[in-house]
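Take a look at this one chain, the form predicted on its own, written out in structure tokens.
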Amino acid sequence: MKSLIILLPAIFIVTLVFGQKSVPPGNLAAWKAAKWEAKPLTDAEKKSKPAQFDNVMGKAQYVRACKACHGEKGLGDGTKAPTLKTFPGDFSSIEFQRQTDEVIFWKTKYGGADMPKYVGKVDDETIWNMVSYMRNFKK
């Protein structure tokens, strides 16, 4: 009985500390509603858009750079998502899919809030291929 009295609070503390990982910090509605606006692309960025996309390359880069936050299916449920201040986005949503390729490219390249910048780290053609791959997450 004595060990049960000690064990129950320990289980409660472990559950409290590790069980909260699936809930984003702060206000959930504000977390999900966070948005940012893209700026127009430069001529060089527009010209870097390939005539034929390479979804194999896009998927490989997505898995390497995006999956941890955005999740395997782009739902915004990656393993790092609960640690972010802003919702990573649901790529299968109508709102996401309504964005132009250029807007998605800009947001991917330049980042914002918790979204890291890929400018200077990932070439434009690879980012375009990631954009094409993200289009596959439609509902």
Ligand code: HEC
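Just count from 1 along the sequence shown to find any residue number. Keep in mind that what you see is a predicted model, and the values were worked out from it rather than measured.
Quick note: we don't show the form predicted together with the ligand, though the next part is all about it.
**OP:** May I ask you to check whether residue 73 falls inside a 4.5 Å heavy atom distance of the ligand in the model of the complex?
**Re:** Residue 73 lies outside the contact set for the ligand.
Original post:
Can you check whether residue 57 is within 4.5 Å of the ligand in the model of the complex, heavy atom basis?
Top reply: Because no heavy atom of residue 57 falls inside 4.5 Å of the ligand in the model of the complex, the answer is no.
**OP:** Using a 4.5 Å heavy atom cut-off, state whether residue 80 contacts the ligand in the model of the complex.
**Re:** Heavy-atom contact with the ligand at 4.5 Å: present for residue 80.
Subject >> Exercise: residue 50 in contact with the ligand in the model of the complex, heavy atom 4.5 Å >> reply: Residue 50: no contact with the ligand in the model of the complex.
Original post:
Which of the residues spanning 91 to 116 lie within 4.5 Å of the ligand in the model of the complex, based on heavy atoms?
Top reply: Result: 91, 96, 99, 104, 107, 108, 112, 113, 114, 115, 116.
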